[in-house]
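So this first bit is one chain, no partners, the form predicted alone, shown in structure tokens.
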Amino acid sequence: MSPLTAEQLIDEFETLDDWNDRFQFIIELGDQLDPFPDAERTDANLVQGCQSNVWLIASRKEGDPPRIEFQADSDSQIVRGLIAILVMLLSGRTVAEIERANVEDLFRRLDLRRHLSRTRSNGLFSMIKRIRELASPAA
């Protein structure tokens, strides 16, 4: 899965005229997720607070400073696209970069809250919270 910047995502959203096209784009991003290991589809890797099943794992890549790599999957196409956005934006970053990333503001700028159901919106913020927990040095 190739990285994506917040500005690239915003630019892409602005080229799409309506929300059906934007949701299709989100689904297509989900199709780009790397295959998720079947052995990791465990309760321990489920993101709590999501109506759909969302599995998320993290690994540290040694370096100075170390970087965090994420892998994720969901059984819902839209949610799979949302977690793909988070993986594209945050995977391969340092803990400090992940902690500083204002993804909540990005999703506000994309106007996603208004177009997602309340349960999906809550799930999105649960995914963000879990990514930060997994990236934490204490994890």
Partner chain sequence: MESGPLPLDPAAIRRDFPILDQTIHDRFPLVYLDSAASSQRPRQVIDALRDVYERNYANVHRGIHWLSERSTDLFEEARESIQALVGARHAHEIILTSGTTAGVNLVARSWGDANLRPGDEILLTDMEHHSNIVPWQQAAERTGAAVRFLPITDSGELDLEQLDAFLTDRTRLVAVTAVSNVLGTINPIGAIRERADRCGALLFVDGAQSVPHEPTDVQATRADFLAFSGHKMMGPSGVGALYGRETLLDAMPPFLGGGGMIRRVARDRFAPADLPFKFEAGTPPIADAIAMTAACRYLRDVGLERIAAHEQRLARLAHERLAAFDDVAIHGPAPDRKAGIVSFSIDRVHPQDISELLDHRGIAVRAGHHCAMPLHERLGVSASVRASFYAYTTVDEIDRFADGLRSVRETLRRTGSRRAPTAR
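Computed from a prediction, not measured in an experiment: that's the story for all the values here. Numbering follows the first chain given and starts at 1.
A second form of this protein, the form predicted together with its partner chain, is not displayed here; the remarks below concern that form.
Undergrad: Hey, of 27 to 35, 60 to 68, 41 to 49, 91 to 99, which bit sits against its partner chain in the model of the complex at 4.5 Å between non-hydrogen atoms?
TA: Only one stretch qualifies here: 27 to 35.
Undergrad: Consider Leu4 of the chain shown here, and say whether it contacts its partner chain in the model of the complex, taking contact as heavy atoms within 4.5 Å.
TA: Leu4 belongs to the contact set for its partner chain.
Undergrad: Can you tell me if Glu104 lies within 4.5 angstroms of its partner chain in the model of the complex, counting non-hydrogen atoms only?
TA: Looking in the model of the complex, residue contacts with its partner chain do not include Glu104, since no heavy atom lies within 4.5 Å.
Undergrad: Taking its partner chain as it sits in the model of the complex, is Lys129 near enough to touch it, meaning that at least one heavy atom pair lies within 4.5 angstroms?
TA: No, Lys129 sits far enough from its partner chain in the model of the complex that none of its heavy atoms falls within 4.5 Å.
Undergrad: Counting only non-hydrogen atoms and a 4.5 angstroms cut-off, does Phe125 reach its partner chain in the model of the complex?
TA: The answer is no: Phe125 has no heavy atom within 4.5 Å of its partner chain.
Undergrad: Counting only non-hydrogen atoms and a 4.5 Å cut-off, give the residues of 6 to 42 close to its partner chain in the model of the complex.
TA: Sequence-ordered list: Gln8, Asp11, Glu12, Thr15, Asp18, Trp19, Asn20, Phe23, Gln24, Phe25, Ile27, Glu28, Leu29, Asp31, Gln32.
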